[in-house]
Structure formats: structure tokens, C-alpha cells
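Encoded as C-alpha cells, the following chain is the form predicted on its own, with no partner shown.
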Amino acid sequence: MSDETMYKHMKDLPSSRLLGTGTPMCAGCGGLLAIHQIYDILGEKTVLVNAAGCMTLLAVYPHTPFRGSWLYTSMASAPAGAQGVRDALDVQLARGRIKPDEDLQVVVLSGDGAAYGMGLSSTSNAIEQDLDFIYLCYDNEGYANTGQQSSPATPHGARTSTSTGPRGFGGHKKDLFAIWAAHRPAYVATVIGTEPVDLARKIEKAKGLKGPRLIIALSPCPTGWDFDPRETVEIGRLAVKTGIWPLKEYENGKVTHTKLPSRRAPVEEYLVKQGRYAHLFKPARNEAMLAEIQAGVDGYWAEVEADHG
């Protein structure tokens, strides 16, 4: 299936159907869109260790929409839970109680609140211990499950329920990709559900590796970002087209960009579609802030282009 055909197919699907269930998730959820594709590749031989967050709503005891196993943890404890599951599996393998083909992939499923903030300490320790796990972060750039408070992943200038001033969030989005890469793990990648071919290739690669692996999926959030759920695919595509969300991967000490926008669109094409940035356009355009955001993106890509010669 081509990217264009996939886009058209996904655009017509309410998010509650993407995992084949009636789970009451928000319509147009970009995180669910990515997870649906990722789980199709990882398959049922997985244990999902879920840090408290939006995706906790997928499980209504004693059921989940997944064919594999599910373990719920507090927001900061998912890597510790993953360590316990991985150790238990390794003991069972060593004692011959399960066969190698019965082994399971251990996958942490976490929002940005845990991945970028509350759970970062335990995650760092898990990487240092060379834990064999995949860490999947659905990044909706705020604590969306509790009212879209700003998180360490909230971008500069975005308005949240805790940053309501005329300039929006005054801080800057933490670079989780670089933090993980500094630990020299097996693999780190950024993905988005609206680039399914790029996403599938990276998940296939991560699945075949051992050790700590991170997948960060930018997850457009209609509720928290304030846009029509029908716009999820378009906003995801604009995140890549404007250069706001670079698609890249880290492996063997090297960072490679997997999609280089030949002609980047102005960032305001992405921003103007989201209510969280409405204050930058009305009642008057905040030219200084718009230029600041554009300059940040331009500066990033200038460094990338310099590295590529």
C-alpha cells in the first residue's frame, strides 16, 4: 500500500476503531494511529508495560485490545517493571521452562510526561543496565490525560492549561532523542503515524535488535492541541514537511535523517491549524514569536545540512 493510499484510509477511521475495539479513546488520536501500526509489526509475542497515561484507557480490566500481555505501572515505574519482566523471562529461558521461540519482546508504552520527565531517572538506569527492551513513547507534547498541562515535551510558544499567557509556554521542548543517544543504546528513532513506510522500516529494525531501543512517535492530539480530529493526518504531514518533526535514527554512534524535506514549508502552516497557537495569530500576529520558532527550525536544519556537506 502506498503512503497516499494509507493516508486516505487512515483519515476516514475514527481512532476508537484502529485497534479493532470500541475503546473510548479521543477521535483522531495520533498516538493511537502510530501504536496501531507499530503493534501490527511487533505482534502478539510482546509484553506491553504501560506507564500511566492516555493509553491506560485502552485497558478496561480484565481486557485489553492487544493479543499479547499487558502490565500496568505508575508513571515513573515502567522501566523497572520492564526489568522485572525481562529478568523473569530470562530465568524461565535459562531453566528450560520456556523455549527460545516462546520468548517475548518487552515493550514500555509511555506518554511524554513519563518518558521526558517523571520516568527519566529509571529509564536512564535501565539503559545503563543494557536492558533488552523497546521503549515506545507516544509524544503528544503535554499531560494530555489530565487536561493538557505543559510537560517537558511541550514546544516553545504553545498554550497549555498551565501556560496561558500571551506568549504561551516559555520553555523549550526537551531533546529526548539526544538524551537517549548520549547513553549509547542499541537504537533510537523518531516516527509519526502519517509516515507509515518510514515507521514500518524503523520498527522492523528495532524488533531485530537487542538492548535498549527507543521509538518516539509524535502524536497529534485533537483534544490537547485544539484542532478538528479530521485534521490529524494533515497536521502530522505538516510536522514533517515544515521540519518541526525531523525523522531520524541513531545506531552505532551515528545519527541519520531518514527524510530530508527538499523544500520546507513555513512553520506557520503547521502552527495556524492548532488552537494551542491561536494567540500567535489573533487578535494580532506575534511576528517576533513566529520568527523565533521559525529560526529554531531553520537553525536545526542548517546544522543537519552542514553535517551532510
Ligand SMILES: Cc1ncc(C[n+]2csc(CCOP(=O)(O)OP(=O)(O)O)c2C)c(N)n1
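Counting begins at 1, following the sequence as shown. Remember, predicted model here, so these are calculated numbers, not experimental data.
The form predicted together with the ligand exists for this protein as well; it is not shown, and the discussion that follows is about that form.
Though the ligand is absent from this view, in the model of the complex it lies within 4.5 Å of a heavy atom of just one residue from A144, V107, V188, V191, which is A144. Taking a 4.5 Å heavy atom cutoff to the ligand in the model of the complex, the contact residue among I38, L280, C54, L48 is C54.
Proximity to the ligand in the model of the complex, taken as heavy atoms within 4.5 Å, picks out 110-118 from the listed stretches 167-175, 110-118, 93-101, 154-162.
Interface membership of Y138, defined by any non-hydrogen atom within 4.5 Å of the ligand in the model of the complex, is confirmed. The shortest heavy atom separation between V85 and the ligand in the model of the complex exceeds 4.5 Å. In the model of the complex, the ligand stays beyond 4.5 Å of every heavy atom belonging to L238. Not displayed here, the ligand is kept clear of L131 by more than 4.5 Å at the level of heavy atoms in the model of the complex.
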